[in-house]
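Here you get one chain, nothing else, as structure tokens; it is the form predicted alone.
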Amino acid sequence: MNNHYQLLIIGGGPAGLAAATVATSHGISCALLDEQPAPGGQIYRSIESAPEQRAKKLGSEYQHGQDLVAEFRKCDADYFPRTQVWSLNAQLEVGILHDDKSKIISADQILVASGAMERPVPFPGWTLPGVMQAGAGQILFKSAGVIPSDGVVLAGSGPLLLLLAWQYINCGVDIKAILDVTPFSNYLLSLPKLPRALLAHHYLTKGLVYQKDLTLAGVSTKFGVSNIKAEGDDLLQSVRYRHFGREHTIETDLLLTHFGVIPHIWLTQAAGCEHQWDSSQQCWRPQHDQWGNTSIEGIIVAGDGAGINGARSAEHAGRLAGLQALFALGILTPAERDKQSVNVRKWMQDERHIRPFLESYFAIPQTILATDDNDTIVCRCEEITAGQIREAVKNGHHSSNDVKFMTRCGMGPCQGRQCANAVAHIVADAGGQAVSLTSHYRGRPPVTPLTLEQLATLSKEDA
């Protein structure tokens, strides 16, 4: 690994792979750092090693990743899998952990393509063994072909929930129920956005096919569900929920939940990039222009880490970011960059026609995002409850960071990645203010857990 590159790409998902392929075609020095053992990101995880039969069951969207990864393998980028990025600063220096040794490397241009993470939403019992996020179920399936053997309940909202259910029935998994928390009011609110969504009708068609196949398989889907609770003594035994004003219970030892995804912003926060609240996506994201340039010169963002738009859109955004990096390095003129981007930008916009409809249709109710159950643990690491957060607000702490100082919420090993979004919503609800005014936890390195022993491997110059 060199100490300096012209372009450094963080993340081996669709955006990072596409950017590397474009940028290296012009002969620049480029490295791609990825914490995963193989390229593909979460959406195309294990695409090179998945058996053909498993790949088919995962669907055509998953199989699309084969060509993308194959193109990346042919390019001249230095590729470093199993590499943890724990720091990024405004001087374009990156702290990494590779082969269990820490190192600081720099670049002329840095592309952050860190992707998204599932939105953690606390609810009563969500910390019980047997309760997992749907993304974890997909990871087990894609990486090792592991599927539930004794049935599963799926709960939440969003396209991934529907996709995972469809993938599971293709493997013969017993889906005891799908508990959809999408309010019926969302259907009406999203209707004005449907005409534009029809321009990306292939997404709607796939969704309808998934629903039809689930219905034919006898899967019970409950719409408009509320008050989901996971119950059990030392592990999950049942799921309770409210539907049409009545309480229901399903016995199960596995509950997979999903409440949408949000950008992974910890690196751009640590670097000091400006961020903004996106009300339609109900999350914070880094500010950027049409090429992905952030508020810090030399740091570019692309893919779902810049805002949630899906895997195909991320791929196109990565190509645009690659062209922008070449322009910033003086390899391409503005005219050459713009000419090569015309079709890519059109394809990306075509993919994004569906987003306003999906964001409106699958918007999570504030009553779920800001749980009113005071006994529910919000910060797993420090075991801080929603009641403790509300009490801190009552005592005059009206921002996420104030609550963090008061309660230690967000100071555990995950550094707030699993509670930041939920804390912001609870603080806003308790204080009667907009979420955008409650702030987000301040990001600082290390953005991922790092031991003192690992940090001590830095060279004297790096330290």
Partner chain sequence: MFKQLTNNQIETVEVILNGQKVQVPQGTTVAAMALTQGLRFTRTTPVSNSKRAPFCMMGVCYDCLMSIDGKANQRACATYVQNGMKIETQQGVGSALGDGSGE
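Nothing here was measured: the structure is a model prediction, and the numbers come from that model. Positions refer to the first chain, counted from 1.
Separately, the form predicted together with its partner chain exists; it is not shown, and the next lines address it.
Contact annotation: Thr24 falls outside 4.5 Å of its partner chain in the model of the complex, judged by heavy atom distances. Using a 4.5 Å cutoff between non-hydrogen atoms, Asn293 does not count as a contact of its partner chain in the model of the complex.
Residue contact with its partner chain in the model of the complex: Gln91 places no heavy atom within 4.5 Å of it. In the model of the complex, Pro129 approaches its partner chain with a heavy atom inside 4.5 Å. Using a 4.5 angstroms heavy atom cutoff to its partner chain in the model of the complex, all of Glu35, Ile147 and Arg417 count as contacting. Residues with any non-hydrogen atom within 4.5 angstroms of its partner chain in the model of the complex fall in just one of 368 to 376, 147 to 155, 343 to 351, 309 to 317: 147 to 155. A heavy atom within 4.5 Å of its partner chain in the model of the complex is found for one listed residue only; from Leu214, Ile105, Ile139, Ala200, this is Ile139. In terms of contact with its partner chain in the model of the complex, the residue from Leu179, Leu236, Leu326, Cys283 that brings a heavy atom within 4.5 Å is Leu236.
Contacts between 368 to 392 and its partner chain, taken as any heavy atom within 4.5 Å in the model of the complex, involve Ile377, Arg380, Cys381, Glu382, Glu383.
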